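Starting off, we have a lone chain in the form predicted alone, written out as structure tokens.
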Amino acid sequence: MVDVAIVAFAQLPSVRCNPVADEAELVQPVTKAAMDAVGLTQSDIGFTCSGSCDYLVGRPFSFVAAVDGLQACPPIRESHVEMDGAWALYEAFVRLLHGDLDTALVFSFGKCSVGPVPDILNVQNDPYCVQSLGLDSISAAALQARALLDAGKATERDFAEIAVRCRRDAKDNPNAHLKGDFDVDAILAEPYISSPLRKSLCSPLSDAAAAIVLATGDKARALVDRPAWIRGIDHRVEPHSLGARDLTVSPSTLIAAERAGVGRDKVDVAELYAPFAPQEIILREALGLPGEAAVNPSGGALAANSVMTAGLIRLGEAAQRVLDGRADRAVGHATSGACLQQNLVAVMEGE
């Protein structure tokens, strides 16, 4: 069995709008920073994989333009997933298991400033019965939040407390988009965007990019003192139709967590991709996280949410705490689709 580790992570600061950078100009600095951190260049990388979404940019094959940010000539081994970069990391992880390569570069980028993201995300809904209704991502998440309330699993104050904690913790994160001291009662006094969701319970929309370098076995040990070994990684998907599943639970997260081995040992830190505050409650339960585990110390998606990048950042933030010795065992989570439809879980450990 080939051991694979995250050895470097870099991200651009998440901002509301980066008007001067196109795809390649987002990718170039962040991929260079990740490779520079371990003394590699593009010619040292065995495989490159990216994640993004053409719907955000509004033109086909935008990921091809992003490759201009790399040293792509002579030709490189390169692939792309039309999903969050966390799934690009999964592909790169599987590629390295073949054993013929010892390094991989993963990157993703998202420019939420170029369009109405909640409306754009309607394209992930059922094209026959739902898309024509215009079910934007906030309204879909509101249905999930309402289901939690009706089931007695949470209160609106619980939602507000999560938002306050995440933005407070983000004050220590120089890359966070939205951070500071928020007040629970002030949030509860906000008008509803889509009941029971208020503005402060929703993630900001950010422009950003991120990159991760993976390495295997002795190569990883040669590059860094303490690799973040990926001891388990899995992703699962649930029915497309919201009416076909119980929105108060996340069986795909639960199964992915079991297969990744989350419950085999103590979890020091978990970075969960919960773009809406109520979703953290569902994810905590599905992952079986103990009360002492630090959840989203970076602020999570409620502090910065670059669509198609935020999931990769969750894995990178979790891995970084292992790399620098702040955690021995960390969990990274990413989601895709409406109301936590598809979920990826990775467990990383120090040696």
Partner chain sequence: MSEPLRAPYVLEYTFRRTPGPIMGRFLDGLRYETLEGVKTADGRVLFPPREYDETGTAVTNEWVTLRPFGTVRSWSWVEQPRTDHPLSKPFAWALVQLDGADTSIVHAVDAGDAKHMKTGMRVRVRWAHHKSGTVKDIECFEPHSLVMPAPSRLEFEVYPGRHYTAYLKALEEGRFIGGKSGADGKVYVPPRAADPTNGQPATEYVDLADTGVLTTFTVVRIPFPGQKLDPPYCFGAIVLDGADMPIYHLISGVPYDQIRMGMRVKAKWKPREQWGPSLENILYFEPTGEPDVPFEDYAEHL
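Every value quoted in this text rests on a predicted model; they were computed, and no experiment measured them. Positions refer to the first chain, counted from 1.
Another form, the form predicted in complex with its partner chain, is not on view; read the next lines as being about it.
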4.5 Å heavy atom contact, Gln71 to its partner chain in the predicted complex | yes
4.5 Å heavy atom contact, Gly39 to its partner chain in the predicted complex | no
With the partner left out of view, is Val295 within 4.5 angstroms of its partner chain in the predicted complex by any non-hydrogen atom?
-> no
Heavy atom of Leu205 within 4.5 Å of its partner chain in the predicted complex = no
When its partner chain is placed as it is in the predicted complex, which of 223-231, 179-187, 160-168, 108-116 ends up with heavy atoms within 4.5 Å of it?
-> 108-116
So which bits of 119-134 sit within 4.5 Å of its partner chain in the predicted complex, heavy atoms only?
-> Asp119, Ile120, Val123, Pro127, Tyr128
